[in-house]
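Next up: just one chain, as structure tokens, the form predicted alone.
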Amino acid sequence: MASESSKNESASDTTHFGYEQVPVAEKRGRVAGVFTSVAHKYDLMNDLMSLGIHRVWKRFAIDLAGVRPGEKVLDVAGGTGDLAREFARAAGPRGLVILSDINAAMLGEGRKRLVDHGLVNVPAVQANAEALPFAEGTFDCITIGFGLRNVTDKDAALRSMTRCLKPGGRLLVMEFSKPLNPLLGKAYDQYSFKLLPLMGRVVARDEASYRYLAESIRMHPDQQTLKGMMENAGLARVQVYNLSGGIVAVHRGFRLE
């Protein structure tokens, strides 16, 4: 069953931008503004905000994806390309890895970093996750890391990604989620709403964008709600892997037909 928030979004002309309700047509532009602003400091801020633990989360997702030589992989909302870089190495010269992002500034940063690592054969495609411009059944594996919460219509994005999978292909969604322990949740709230905006102001000179990012995490569906949304999109055998006490969760599902 789709989340209640998704129903409300489709039943009205507004959606959430962090804790703020905005017209649906306005959200995409405001999210674009956030990521255009933070693109040049995105990796540095990830290291600071997570104390480097984001690299462990991503390593887990990379291993869970299990990309093999010759496979076709799409990294949606791939940002600065750290996942795509590892997938390209795993897929090898017989495979195909595409870096995709809706934001041109983030995509440019990702493409530049891939070239710096000698990976000149990874196409970069500017695309909206809600309507991916690829034929049905193209990819063996699709990933979206820390991007789904910024999508206006999450259900449409999940359906679009599922459509692009081959039968037997897998989708991995890595996203901030709901801490399993209430005490951890309270500490995480204090960190998110006091320290993150402060770091954003001092390091990236952009407090507002990092306050939005903290709010967007709280508005994202929890583990079980997202699992149900993935199943509604046509995925089966959806499993949830909680990391760091549920601060992050990786969902993996398969298109069976």
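From a predicted model like this one, the values you see are computed outputs, not experimental measurements. In case it trips you up, residue 1 is the first one in the sequence shown, and so on.
The protein also exists as the form predicted together with a small molecule; that form is not presented, and the subsequent description refers to it.
**Student:** In the predicted bound form, does residue 35 have a heavy atom within 4.5 Å of the small molecule?
**Tutor:** Judged by the heavy-atom cut-off of 4.5 Å, residue 35 is in contact with the small molecule in the predicted bound form.
**Student:** Evaluate residue 74 for contact with the small molecule in the predicted bound form, applying a 4.5 angstroms cut-off between non-hydrogen atoms, and reply yes or no.
**Tutor:** Residue-level check for residue 74: no, no contact with the small molecule.
**Student:** Classify residue 31 as contacting or not contacting the small molecule in the predicted bound form by the rule of any non-hydrogen atom within 4.5 angstroms, answering yes or no.
**Tutor:** Judged by the heavy-atom cut-off of 4.5 Å, residue 31 is in contact with the small molecule in the predicted bound form.
**Student:** Given that the partner is absent here, does residue 128 sit within 4.5 Å of the small molecule in the predicted bound form, heavy atoms only?
**Tutor:** Yes.
**Student:** When you measure heavy atoms, are 173, 241 and 253 every one within 4.5 angstroms of the small molecule in the predicted bound form?
**Tutor:** No.
**Student:** Taking 4.5 Å between heavy atoms as the contact cutoff, choose which of 141, 151, 114, 158 touches the small molecule in the predicted bound form.
**Tutor:** Contact check passes for 151.
**Student:** Select from the listed residues 46, 192, 209, 225 the one whose heavy atoms reach within 4.5 Å of the small molecule in the predicted bound form.
**Tutor:** Exactly one residue meets the criterion: 46.
**Student:** Sort through 115-123, 133-141, 100-108, 178-186 and report the only stretch with a non-hydrogen atom within 4.5 Å of the small molecule in the predicted bound form.
**Tutor:** In short, 100-108.
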